[in-house]
Every structure is written in C-alpha cells, then in structure tokens.
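Form predicted on its own, single chain, as structure tokens, below.
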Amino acid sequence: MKDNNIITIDGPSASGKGSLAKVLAKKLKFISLDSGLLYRAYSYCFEKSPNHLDAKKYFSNLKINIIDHKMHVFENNIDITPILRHESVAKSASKLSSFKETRDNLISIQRNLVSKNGLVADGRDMGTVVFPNAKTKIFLIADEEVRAKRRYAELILNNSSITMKSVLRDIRDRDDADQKRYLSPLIPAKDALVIDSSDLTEEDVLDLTIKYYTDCTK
C-alpha cells in the first residue's frame, strides 16, 4: 500500500534535491529527512571508532532534532551540523555509503523518522530502497556542469582556494561511484517523476513537485 505521507527526492550530487526537500517540507509542514546528513554523521562517528559496531554505538549517542523543519545533529548538546557539512566529511561519507554495514545501520534510523505529520526524504535511494511505498517520488537531475557551478558557488564562500575544475572532477567521481555501486545504485524508482532542473529555477522545480504530489494524492 502506498504512503501519502512520504515524499522521496533522489538524485545525484548538487542536483538541488536538498534545497527542494527543505522548501517543500516547510511549505507542506512536513519533516525533512536529510539522508546525506545522516551518512555524514555516521562517517563522523566512524572516524572516532573505525569499525561499524562501535560506530553504530557512537551514533546512538547523537541526537537528531528537527528545527524549523530541518534536521540537525547534536553531540553532547552541541549542534555539530556545520562540522558535518564540511566537504572532507562528505567525501568520507560517500566512501562509507558503499558498505552494507553502513546502509544496514542507517536504514532503520531513517524509517523511524516517519511521522504522521508527513516526511520529505532526500538522498540517493529513498524511493528505491528506504521508502519504496512512498506514493510521491521525485528523481531530480541536472547537467554535471550546472551542478558543478552550484556546488562551486557554495564552497567558494568558505574556501577561496577551491577551483571549478576540482569541483567538476569531484561531481563526476561521485556520479560514477553512485551509479556503479553494487548496493543501492543511483537509479530512479520506476514510479518516480524525473525532473531536469538544469534550466529551471528553484520555484519552477517546487511548483512541478507540488503539482505532482497533489496529483498523486488525489
């Protein structure tokens, strides 16, 4: 049975799925599940205890709070979300996500965040693996150069030495790893609406998503 209270948004790195999920969750008054942030949190724990059993125990001591419909991660009452946003954490999280132990440890945590108030879940396998029964599924794509420009604009604010060339290379490497991954490869769910945001504004993508959600839940 399909679940009207879950919207999944999947897609490659820097496709805009995170921004869409947050705006959509706020508009619909749903909770926003940022799976990428959870994988970064797991990577953070793994670096402090480099085996999956201990990493899972360390992770259990973190607290996940929803603030203004956005997910935040706390350690000892300190919000470590800004630390988890660092590009170095993102790269290590990308590598760890290919391991079965990582995915197994996080899938139940993600599913436990389902709420009667509604959930918008963004990631790479939300519609195919984590929430296959979601009624509304979006797969957001964009040209790799467009995505690289978006990511570069974010990173240059905190790292003046970053180059467009290195960001584009990183985008391509992540795409390759995500698509060729044996476990939960990056593919759209069969019942997902694919939206190419290359030439669309955030408002355009939001409008298309809301229209599709409305159609799905009629």
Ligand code: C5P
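The first residue of the sequence shown is number 1, and the count goes up from there. Just so we're clear, the structure is a prediction, and the values are computed from it rather than from any experiment.
One more form of this protein, predicted in complex with this ligand, exists but is not displayed; see below.
K.L.:
Can you check 160-168, 52-60, 175-183, 65-73 and let me know which stretch has heavy atoms within 4.5 Å of this ligand in the predicted complex?
P.N.:
It is 175-183 that comes within 4.5 Å of the partner.
K.L.:
Taking any heavy atom pair closer than or equal to 4.5 Å as contact, tell me whether Arg124 reaches this ligand in the predicted complex.
P.N.:
Close contact exists here: in the predicted complex, Arg124 approaches this ligand to within 4.5 Å, heavy atoms only.
K.L.:
Do Ala148 and this ligand share at least one heavy atom pair within 4.5 Å in the predicted complex?
P.N.:
No, Ala148 stays farther than 4.5 Å from this ligand in the predicted complex.
K.L.:
Taking heavy atoms and a 4.5 Å cut-off, does Ser35 contact this ligand in the predicted complex?
P.N.:
Yes, Ser35 is a contact residue.
K.L.:
Taking the shortest heavy atom distance, is Tyr39 within 4.5 Å of this ligand in the predicted complex?
P.N.:
Because a heavy atom of Tyr39 falls inside 4.5 Å of this ligand in the predicted complex, the answer is yes.
K.L.:
Is any part of 101-118 within 4.5 angstroms of this ligand in the predicted complex by a non-hydrogen atom, and which residues would that be?
P.N.:
Only Arg103 sits within 4.5 Å of the partner.
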